[in-house]
Structures are given as C-alpha cells and as structure tokens.
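Okay, here we've got a single chain as structure tokens, the form predicted on its own, with questions on binding and movement later.
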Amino acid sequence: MFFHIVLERNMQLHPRHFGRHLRDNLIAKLMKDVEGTCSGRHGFVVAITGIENIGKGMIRDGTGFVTFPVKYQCVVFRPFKGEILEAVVTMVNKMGFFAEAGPVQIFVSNHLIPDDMEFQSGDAPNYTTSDGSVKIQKDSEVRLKIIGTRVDATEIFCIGTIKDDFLGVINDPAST
C-alpha cells in the first residue's frame, strides 16, 4: 500500500532562479511538480521525504534553461489486489457505488454488495438492509477489499467488494 522508494527526475530551471538559493528553488519546483501525481508503475506520490543527489546541470542550447538530474526519496501509495482499505462513498447508483481511498477511486458493483442489501432510489440513493439497520449512502465510510486493479500511465482504477467477512459500513453519516 505505502512504499518508501527512490526515484529520479530531470528538472529544468529558468536562469532567474540561479544564485545562492538554487538548491532551494530546485527542491521547491520538484515538490510542486511531483507531489500528488501518479505514475502507473509506482503509484501516487504522497510526499517527498528527502533529496539524495542533485547532479550537475546541463545548459539547454538556445533557451538558457538548465536541466538537473535529481535523485529523491518519496512515499508512494499503490493499492494491490487482495488489500483491505477504508474508503468514503462518493456516489451511489443502481449499478453499485464509487468510493475514494485517498487518491484512488474504487467501484463496488451491486453484485459485490451483500445479497440482503437492496438499492433504494430517491433524493439520497442508497443500499439498505431489509431491516433498515445498515445503509450505504454518499459520505458513508466503508471497509472494502480490492479484487482488481487497472493501471494506466497516469491513473489507477480499482474494483472492490464488501461481500466478505468484516467488510462493509464502518460509519454512517446519517446515524450521527
């Protein structure tokens, strides 16, 4: 789920940032460019924790920009099949519901919701048990299991289930 890894990136810096604060400007630009992004191979970059090495800059012909190779440590978030996550429901419809666990969007099909829960349409669509004791609606917190992932170049999509032991609603905003 969370990993601490070392990555490399070539950073371009404008000549106006040269001077005694060159290193600080380079690190600030790296954090702005990298934190919060997703690479399909490594996952979502949560935070940069340290700079291992900043190489010698190479001047780009005709522009004046300088390219610096930077090696940095960071924390990444990458969900895998079989992991249990806690997520917040963002949308409910008759096909199932969408939930978010940090930056990852997870879809839970109505076939992967327990059989005793039925879809209720209306102003606030939800899945409710026959006795009305448990309700899944927008902003509900659920514990789910990842059963599949699809990785694109810049995004990760997941399919989840709550049809298993110890999975389901953790906190319902309507009951508080």
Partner chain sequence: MSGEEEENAAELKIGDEFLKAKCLMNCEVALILDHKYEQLQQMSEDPMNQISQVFEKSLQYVKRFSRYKNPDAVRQVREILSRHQLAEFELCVLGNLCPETVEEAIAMVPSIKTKGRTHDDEAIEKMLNDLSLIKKFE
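Throughout, rigid core stands for the largest set of C-alpha atoms superposing within 1.5 Å between the two forms. Just so it is clear, the model here is predicted, and its values are computed rather than measured. Residue numbers count along the first chain shown, from 1.
Missing here is the form predicted together with its partner chain; even so, the following discussion is about that form.
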*Per-stretch contact check against its partner chain in the model of the complex, the hit in 62 to 70, 128 to 136, 115 to 123, 143 to 151 (non-hydrogen atom, 4.5 angstroms)*: 143 to 151
_Taking its partner chain in the model of the complex, would 42, 84 and 101 all count as contacting it (heavy atom within 4.5 Å)?_
yes
*asked:* Is residue 53 part of the interface with its partner chain in the model of the complex - any heavy atom within 4.5 Å?
replied: no
*Are any of the heavy atoms in residue 30 no more than 4.5 Å from a heavy atom of its partner chain in the model of the complex?*
no
*Does the 4.5 Å heavy atom contact test between residue 47 and its partner chain in the model of the complex come out positive?*
yes
*residue 75: heavy atom within 4.5 Å of its partner chain in the model of the complex?*
yes
*For the stretch 1 to 34, which residues lie within 4.5 Å of its partner chain in the model of the complex by non-hydrogen atom distance?*
1, 2, 3, 4, 5, 31
_Superposing on the rigid core, I want to see if residue 124 changes position between the shown form and the other one - specifically a Cα shift of 2 Å or more._
no
_After superposing the rigid core, is the C-alpha displacement of residue 150 2 Å or more between the shown form and the other one?_
no
